[in-house]
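One chain comes next, on its own, written out as structure tokens in the form predicted alone.
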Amino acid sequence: MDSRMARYLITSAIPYINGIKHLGTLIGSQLPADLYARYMRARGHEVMFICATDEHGTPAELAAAKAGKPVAEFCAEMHGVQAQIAKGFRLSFDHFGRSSSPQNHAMTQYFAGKLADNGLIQEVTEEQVYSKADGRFLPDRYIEGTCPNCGYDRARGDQCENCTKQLNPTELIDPRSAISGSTDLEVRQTKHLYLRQSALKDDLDAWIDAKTDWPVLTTSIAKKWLHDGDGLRDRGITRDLDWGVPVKNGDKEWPGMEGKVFYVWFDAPIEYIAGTREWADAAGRPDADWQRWWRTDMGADDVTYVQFMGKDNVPFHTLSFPATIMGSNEPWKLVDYIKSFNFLNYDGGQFSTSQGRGVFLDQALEILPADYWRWWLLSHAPETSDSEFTWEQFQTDVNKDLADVLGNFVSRVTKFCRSKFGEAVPEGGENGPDEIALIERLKSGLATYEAHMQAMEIRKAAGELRALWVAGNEYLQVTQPWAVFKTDPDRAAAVIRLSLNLIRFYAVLSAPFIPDASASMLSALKTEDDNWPDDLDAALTTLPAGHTFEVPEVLFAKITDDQRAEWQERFAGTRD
């Protein structure tokens, strides 16, 4: 890998504000983005890692109504909850913003104005359901009724949750307002703004064709939307809602659009830019500090921009958001690489927020530390296909990988050293054939690990990291310092000295995956040296003879059968 410092802009798809997310949401975007950000920082690169809460649209309004709170108050409260959970999982955002921020209001209105200036906004008159009882137009999700396809009586106006068929509100049988339950509905005409995506189809097609290194999942979804059926369609970017970014042309009123807001999928991706602006404003930095990440005329031409998201978000990030950027005809940074993920399923079915089925993030942190979840989810990331969380697999893998392999190595080495040499790196002995063989194995493994991390091949990187942990255990089995000590204490000292340095090596390499355990290992070794082992030989002599350490607490406690059974039952259905 190029050792020169580079600049990486990393964004994770921003989660909806309407509730606490589950494990599938975490592994679908935020956690792998954090892994990559931590790795790039560890390699000495400059990183800007941005995420936020997605606070507009009908889900926010409905969730607030259900909670009996004004929507602004609900969103502020839930942003705090999600920020705290992100902190609990050690997500290392440079800024965790809000799509309802003044910065995002201004940026969204700015882009809409530029698109209008360039002839890419069209006013369209369309028919929409109006509720007389509520005195308002009802967006699709505000209308419920019976599905004409399967007969499910709580289908929404955009899709039936039961049979997944996409619907128009006018197709529902016995439609009613999801707000008041009123059936006094009628179809009225209303005017909306549309982004003329079809005018940019050729530009988008050529841009995606040039991204030959993108995951197949990303490009296949983008191409499907570009070419299947009628191809790329123009898309409405306004809604008849109270909560959202008011429709304006830059800072001017937009005649005929009074009382309307921008559609959540128009303003949400713009929050990546606005969130970086929030970061600068929060620290009193000049505009140039955020613009150098986003505007190629301000230095962003040397930035590598990587986005992380679940596959359901791919169309908006490969087509709609790039159309907004391209259509502005200004020098804004386009994404360089989109890492998309399939879905994580739960114990023979699916995670369900509405049914409370699965493990939700606040509950996960209540029962186990973050590193347990981080390791399992990343080592089973649904990169090439959907993957499944089962309690049996989780227990098996955590106990085997974290407790039996890594934890066991740290415990054996530090405890043996304390009992035979005291709590200091021992003197005596030199490297022999076993050490030379181990170092060669570590060099090749390190190069493989770095290549996988650079390429964002997360499961492969986890597999190679685990193999490096295994190599340390195998080295102990071959050298058997506990037996050798009786006849050749100097030889045992050489083995233990290398092994203690190997713990530091593991701590540094493992930090992107399991940051808390890594910090515990470095703390026990009484070192703050977390430099990447670019020179492996030097790295394995970082702790000299005489350097003191402490035997750490158990890094990872095993999950018992009783715990597993209890959790399996607890998270089978309705959320507590």
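When you see a residue number, it is the position in the sequence shown, counting from 1. Predicted model, so just to flag it, every value in this text is computed and none were measured.
Although it is not shown, the form predicted in complex with the RNA is what the next lines describe.
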- Message: Give me the residue from 90, 459, 443, 196 that has a heavy atom within 4.5 Å of the RNA in the predicted complex.
- Response: 459
- Of 328, 304, 431, 350, the one that lies within 4.5 Å of the RNA in the predicted complex (heavy atoms): 350
- Which one of these stretches, 277-285, 330-338, 180-188, 158-166, sits within 4.5 Å of the RNA in the predicted complex when only heavy atoms are counted? 158-166
- Message: My question is simply whether residue 28 lines the interface with the RNA in the predicted complex - judged by any non-hydrogen atom within 4.5 Å.
- Response: no
- Message: Under a 4.5 Å heavy atom criterion, is residue 216 part of the interface with the RNA in the predicted complex?
- Response: yes
- Query: Does the RNA come within 4.5 Å of any heavy atom of residue 235 in the predicted complex?
  - Reply: yes
- Is there any non-hydrogen atom of residue 482 lying within 4.5 Å of the RNA in the predicted complex? yes
- Message: Need the contact residues for 236-259: heavy atom within 4.5 Å of the RNA in the predicted complex, sequence order, or none if there are none.
- Response: 239
